[in-house]
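The chain that follows stands alone, in the form predicted alone, written as structure tokens.
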């Protein structure tokens, strides 16, 4: 019988990179001190995820659903401790030159792969080049190539690999040269695309090495024992992990249950130890009845993509009318159960740049927390659709998820009531839906962004020409100029000014439907201690144990 937790977590949004939730709320000492008191009980847990990831290669994947496996099986130069602070990972030390453009990392002598082979500086060189190789088409390339010297030119085929700012000075010394000093680069190095993968393993089966436990060679605290597709991924400790003595869990089963209500039932009957998400409709009840509910801060924004080539959506007046006709406060109250705040812009509150909350200096292009119905109707009429007459039927696509289903239904109702237009709802499983989005086969699509680090850039880069995936159907020279100026500057004021200009342009042209800034909910039994989930939606079991 699982014991219940005593939890009090206040919803804050993205106040700093170090915000997190821990399984032991009263524990603030280091993990090793906690670990000494671990009782001798079976160290196994089952944690429910709602969707199965297609791509679990850290150098290519941008799937949120891959994070639980990737973040517990891989590690980069840096990691975070049990309080969420950035600490050395595979790099035991590093040096930076005077102008902040050259970083020299010393890789741990005992850093190894999960099959026992040495992990070397050459592994980092290969992995980072892989991210920036356009033939690989990594979804994460846009988060690396602007920073690394000649990274963008390598992507474009203008320079060779030898000309990129990556060098293995010896087997354990890795040198990185940047295009220019970047104040945020230490946070950037934490992103999963900067994790190393091994060349011989990847090249033996480039498309599927990450889908087979026998070839999923990793370097983190855990390794994969089983991949039961459609059912579960099972992890066990990686005995070659450099800090293996601190890993206490003997087995983690990430069990796939698509239906959130089914997952909740499994949690409440004691069949599983934790669940990744909670049905929105159940949150009011659980707030009263359960002390295993966690309401956590999140550095993320839920927004819907608009296809700028679809009939009607090629007109900024229509796009703005759709945006203004939505009541974001009602969406937060009814759909998000009050967990979050209305998104008047793209960047969530609590992201600081140049000493200021980025959210404080944005022109929201007329968007407020409530629907601007009269203005929306005027814009729709001016675009040639008075009272919705002759408006083309648009497809509102979403992936299988009860909360998202409820959200699209509410949006559909708001547009019918406020604009007298009909929008058709389409549903597909995540992998089918995501493939359609990548192929631009949508009119309006349920998406969003949970940042890889606490900075405006991860949100805004998605809409720029430098993004290799480019889910959006929009390319604007002025926007790209702002983004390039921001990503190549070393002055935070200049960076902030250009990123504000980029976001304002995005909002003025209503290139997406910004809905709300997220919080997120989950459940975990009190018997599971020292787990951690941070504002970037990364869940870690490095120091976790069962009491």
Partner chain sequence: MLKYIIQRLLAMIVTLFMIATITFFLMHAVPGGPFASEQKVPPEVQKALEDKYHLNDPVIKQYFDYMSGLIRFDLGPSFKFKGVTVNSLIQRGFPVSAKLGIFSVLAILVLGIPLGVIAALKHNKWQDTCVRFTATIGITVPSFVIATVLLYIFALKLRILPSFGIETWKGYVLPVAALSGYSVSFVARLTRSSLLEVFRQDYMRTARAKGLGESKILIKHGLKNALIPIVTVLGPLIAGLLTGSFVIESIFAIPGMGGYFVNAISNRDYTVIMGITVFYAAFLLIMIFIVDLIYGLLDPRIKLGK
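Numbering follows the first chain given and starts at 1. The term rigid core refers to the maximal set of C-alpha atoms that superpose within 1.5 Å between the two forms. Bear in mind the structure is a predicted one, so any value in this text is a computation, not a measurement.
What follows is about the form predicted together with the partner chain, which we do not show.
J.: To verify the annotation, which of these, 458, 340, 279, 345, has a non-hydrogen atom within 4.5 Å of the partner chain in the model of the complex?
T.: So the residue touching the partner chain in the model of the complex, by this definition, is 458.
J.: Among the candidate residues 244, 382, 370, 208, which is the single one with a non-hydrogen atom no more than 4.5 Å from the partner chain in the model of the complex?
T.: That would be 208.
J.: Among the candidate stretches 373-381, 359-367, 234-242, 270-278, which one is within 4.5 Å of the partner chain in the model of the complex when only heavy atoms are counted?
T.: The contacting stretch here is 270-278.
J.: When the contact criterion is heavy atoms within 4.5 Å, does residue 135 count as touching the partner chain in the model of the complex?
T.: Yes - in the model of the complex, heavy atoms of residue 135 and the partner chain come within 4.5 Å of each other.
J.: Report yes if any heavy atom of residue 434 sits within 4.5 Å of a heavy atom of the partner chain in the model of the complex; otherwise report no.
T.: So residue 434 counts as contacting the partner chain.
J.: Considering non-hydrogen atoms and a 4.5 Å limit, does the partner chain approach residue 266 in the model of the complex?
T.: Although the partner chain is absent here, residue 266 would touch it in the model of the complex, with heavy atoms inside 4.5 Å.
J.: I'd like to check something about residue 486: if you look in the model of the complex, is any of its heavy atoms closer than or equal to 4.5 Å to a heavy atom of the partner chain?
T.: So residue 486 does not count as contacting the partner chain.
J.: In the model of the complex, which residues of 144-162 put a heavy atom within 4.5 Å of the partner chain?
T.: 145, 155 sit within 4.5 Å of the partner.
J.: I want to check residue 266: does it shift between this form and the one not shown by 2 Å or more at the Cα, with the core superposed?
T.: Comparing the forms between this form and the one not shown, which are aligned on their rigid core, residue 266 does not shift its C-alpha by 2 Å or more.
J.: Relative to the superposed rigid core, does the CA atom of residue 479 travel 2 Å or more between this form and the one not shown?
T.: Yes, its C-alpha moves 2 Å or more.
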